[in-house]
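Given as structure tokens, the chain that follows is alone and in the form predicted on its own.
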């Protein structure tokens, strides 16, 4: 029994590695039901009429790509399929390439045309001041789009003079930009907003969800996989949930096994005697 309590940690690491490899090789799937916060984002986009304007702020960089890029792709699939006008931008200079790639790749699948069906405003510094500028006049905030086109001449922006004219805004963030959008954008200009974030900052966003300052939230790879399931475009996030779920189950089994062996071996009684 004592040998079981002193298992070489390399055996545990090897078991986790084998579990990941097996989950990638063996063909099986696990259900990924949507949680209410993710469902609310989907329902909001589903309720928008054809031609409505959706603004997506791609506020992340390559370091958080694995969690947030799948969210962006799933949102774009849903939005283009619904016939929405998509406006992209970013507060992160390292995120321009990811945002441009996501928008152009998904738009091409639905034969959407740049300028007419979607635009990418690109990056501009400023943070809170930029948001307030957009709230007053989006064309003075962004005189040119990412490709140098005059924003007053873009058909996709027709009818959008400020943030007040946006039908829905989603911030995909790996930092504090969700709070910035809420404080300097939503609260002042009264547009509806949803959010996506990395798993590590997801718990910090729930107060904003509970106060209805955001109507929905996608957190981490799980949130992305849930949205892929709802939007019927299962891809990277959905596939990534399989090894993640298998590994989590294995870790739970190891924890249960360790506790059972500990109690059977009398370790609990020994600890109590020592404490006395």
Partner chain sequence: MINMKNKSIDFWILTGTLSLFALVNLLFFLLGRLSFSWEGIGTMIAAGLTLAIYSFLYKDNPTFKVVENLYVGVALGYTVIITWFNALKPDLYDPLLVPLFTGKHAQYLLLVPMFLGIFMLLRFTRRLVWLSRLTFAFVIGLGAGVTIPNYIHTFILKQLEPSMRPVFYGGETLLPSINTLLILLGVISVLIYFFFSVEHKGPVGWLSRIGIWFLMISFGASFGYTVMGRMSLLIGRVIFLMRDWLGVIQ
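Positions refer to the first chain, counted from 1. In this text the structure is predicted, and so the values were computed from the model without any measurement. Here, rigid core means the biggest group of C-alpha atoms that superpose within 1.5 Å across both forms.
Unshown form predicted in complex with the partner chain; subsequent notes refer to it.
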Touches the partner chain in the predicted complex: residue 150 (any heavy atom, 4.5 Å): no
Any chance residue 46 has a heavy atom within 4.5 Å of the partner chain in the predicted complex? no
Just to confirm, residue 124 within 4.5 Å of the partner chain in the predicted complex by heavy atoms? yes
Non-hydrogen atom contact residue 221 with the partner chain in the predicted complex at 4.5 angstroms: yes
Checked 81, 144, 164, 115 for heavy atoms within 4.5 Å of the partner chain in the predicted complex; positive is 144
Just to confirm the contact call: exactly one of 104 to 112, 183 to 191, 155 to 163, 73 to 81 touches the partner chain in the predicted complex at a 4.5 Å heavy atom cutoff, so which is it? 183 to 191
Across 192 to 222, the residues having a non-hydrogen atom within 4.5 Å of the partner chain in the predicted complex turn out to be 199, 200, 203, 206, 207, 208, 210, 211, 212, 213, 219, 220, 221, 222
Would you say whether residue 250 is displaced between the shown form and the other one, judging by a C-alpha shift of 2 Å or more on the superposed rigid core? yes
